[in-house]
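Just the one chain here, laid out as structure tokens, in the form predicted alone.
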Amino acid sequence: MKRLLVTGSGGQIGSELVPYLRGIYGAEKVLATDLREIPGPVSEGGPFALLDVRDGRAFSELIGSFRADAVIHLAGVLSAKGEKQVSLAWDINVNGSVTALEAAREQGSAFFLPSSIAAFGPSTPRVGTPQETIQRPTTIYGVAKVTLELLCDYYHRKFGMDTRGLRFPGLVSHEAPPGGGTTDYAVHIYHEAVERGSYSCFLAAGTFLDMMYMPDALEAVVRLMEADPSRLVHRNAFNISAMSFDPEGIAASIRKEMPSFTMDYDVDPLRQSIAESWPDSLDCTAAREEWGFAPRYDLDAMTKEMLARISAKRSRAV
């Protein structure tokens, strides 16, 4: 990759991926876009443009004028928010992504699209979920992800387009606030631990979900996009994960650093039902073998860094 256009730059992934990419490729070679102005390093650390991803003409012209070699398409509505705004979720997640694919194809750009563990459903094998398996999701977010996984494969076969993608697990970050996802508790819990010493969890005990610390996710995006295409058997929707835990597991990890930390439960039926439809753990063999996926953080390493970073920010704000 040489010149990159990133959509959804103000979201949880984009707000960290844009500076990360600029550090690798150069600030002027990464164009950040979003539907609205974003104060801070995303808009101030390099080129930035307003973009509604459903506007095909503006999208194609922007790719062309920037001479983007690849589009990193992150714009989307997340799972829990999508269940409350179904039409909006479909319009942005599917219609906006189709527009993005077409714009990239018109301009001869490669295309990265994130998928999610939401692409699976209750009938998917829950433990060691295979790379290729039954996918019958029960959320509009998941239905959209399956649609787009298939569509990216189609554009590669039909047009020879260089499409690539990852199935992200829950992503944990100390930088961006959660954006309405079911796995958000794994971010909230660290902030509440530092600020209050306790947390009330909206998922039930025993609810295992795949997770990953954001630095590993950022590295995975670059590693996949830089991978030799001759090695990619699957190209799109690679399973990736670094750890699987339930709320009790993450609470136990926090207590290793903060022994007085306490947690109770106030289960949200919507997010609990969504979580129960997703896998407990993924088989990431294809990602490891085809492009060298190798996460560095386990749960305890992530916990130690999250608590330290959040505590440092809190101290500076006082």
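One rule holds for the numbers: they count along the sequence shown, beginning at 1. These numbers were taken from a predicted model, which means no experiment stands behind them.
Same protein, other form: the form predicted in complex with a small molecule, not shown, and the subject of what follows.
Within this chain, Pro169 lines the site of the small molecule in the predicted bound form, having a heavy atom no more than 4.5 Å away.
Using a 4.5 angstroms limit between non-hydrogen atoms, Ile117 touches the small molecule in the predicted bound form. Under a 4.5 angstroms non-hydrogen atom cutoff, the small molecule in the predicted bound form lacks Phe238 among its neighbouring residues.
The small molecule is not drawn, but in the predicted bound form it has no heavy atom within 4.5 Å of Gly165. Only one listed stretch (88-96, 75-83, 157-165, 103-111) carries heavy atoms within 4.5 Å of the small molecule in the predicted bound form, and that stretch is 75-83.
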